[in-house]
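Here's a solo chain for you in structure tokens, the form predicted alone.
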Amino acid sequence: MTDAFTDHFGALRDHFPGQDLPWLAELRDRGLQRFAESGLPTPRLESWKYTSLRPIEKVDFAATGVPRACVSIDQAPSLLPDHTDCHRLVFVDGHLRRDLSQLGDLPAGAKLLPLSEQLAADPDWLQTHLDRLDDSQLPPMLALNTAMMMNGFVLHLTRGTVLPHPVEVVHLGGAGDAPLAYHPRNLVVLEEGSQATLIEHFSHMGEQAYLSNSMTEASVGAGAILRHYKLQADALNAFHLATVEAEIGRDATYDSFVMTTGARLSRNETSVRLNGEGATCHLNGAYLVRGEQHCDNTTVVDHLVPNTTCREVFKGVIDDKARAVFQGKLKVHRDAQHTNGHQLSKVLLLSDRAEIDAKPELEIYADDVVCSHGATAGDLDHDALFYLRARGIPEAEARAMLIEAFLGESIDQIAAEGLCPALMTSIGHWLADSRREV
């Protein structure tokens, strides 16, 4: 499979935006070299111990190079109510569809545009933000993304800029007549005192297999606030690999929520560096998987300086022969005194064949901290189920009510107006489909 992706690089090289820029061509070449040396990650790597990419190797993915503007779509799906003002970018098979996008009137100091346009407008600014990672330490899929980055978006807010309306980025896959692989590269830069809400929605147009291997770099300056929410509802034949690298400055906040219902195999990997005193991070998530789906949530939070805070809660519902993975590490460095970090994984197993691999970790080198971690797994509360059934509620409906309450507690914490009902509706659809399959 490694050879197939390197072949994609050769086929698309002339189509890459900014390939005439020496620094970018060199960056891509270094990424390809790193990926060629390492290959696809395997369970031999500790961070991939519970997730195998063998299913990806069985699919003959084609390279995506030409925009599929011929695909007919009347309206892209949205997670926000029709009356909600927002700025929207729509990508189909990894390519921007301007006819479906809506940027609206951005305030002064705000910039939202495709990666290719940022390269054309100000490549020097982009270079300072894209070429920051150590090539020798690049994980394999991030190295592949660096080599193949062709599309994606840039969100940049200058000092003190507040974006009053959310930014919604819609990704639609499966539009082609053959399995496609694409590698979006996104960049979010919030300067000191700025604020933004970013909502990503991954959906599909059919059941064609596809691979989305995305990377988002986020820099949150001093006193800035980034709310980053995501619904991954890809096709059940799709493969979804997503990496987020976030750097959080002094008194800044990164608030993240990821909900997963789709994809045959998915992995959301988030790495956060709290490198300013007073920095705060919320990493929360929910997932519902069934059949033979595989869902992996992996997080690493580095507390680098004193007085930083992290709260992390992931809740999951697993049915049939599905499998989920939660790997979370809180690393408190030697100088990071007065760290406050908490991590929790809670799972409902609805089948005897369902599986959860939970690996919460604390790695602490400071001596004045308050940190905790935990993991629980079990069936629905039988007493609560009996209570509901004793009041005339059918068993299927009672089970659905308990599942919605279990996940709804996490969703209620989301700050984006209008998003919570959409996520609860997604849960309702999943439960309705489950009942139809019984």
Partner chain sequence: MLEIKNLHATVDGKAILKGIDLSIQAGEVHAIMGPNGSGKSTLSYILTGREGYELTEGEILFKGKDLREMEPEERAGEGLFLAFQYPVEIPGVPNTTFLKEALNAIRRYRGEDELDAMQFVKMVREKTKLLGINDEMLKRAVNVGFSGGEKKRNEALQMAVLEPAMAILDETDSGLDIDALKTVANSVNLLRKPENAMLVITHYQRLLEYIVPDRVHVLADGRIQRSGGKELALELEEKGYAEFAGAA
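Residue numbers count along the first chain shown, from 1. This one's a predicted model, so the numbers in the text were calculated from it and none came from an experiment.
Below, we turn to the form predicted in complex with its partner chain, even though it does not appear here.
Undergrad: What is the one choice in L388, L380, L45, A62 with a heavy atom within 4.5 Å of its partner chain in the predicted complex?
TA: None of the other options qualify; the answer is L388.
Undergrad: Considering its partner chain in the predicted complex, which of E37, D29, E57, E397 comes within 4.5 Å of it through any heavy atom?
TA: Result of the distance check: E397.
Undergrad: Within 4.5 Å, heavy atoms only: does V370 come near its partner chain in the predicted complex?
TA: No, V370 stays farther than 4.5 Å from its partner chain in the predicted complex.
Undergrad: Based on heavy atom distances of 4.5 Å or less, which listed stretch (370 to 378, 404 to 412, 47 to 55, 29 to 37) is in contact with its partner chain in the predicted complex?
TA: Looking at the partner contacts, the answer comes out as 404 to 412.
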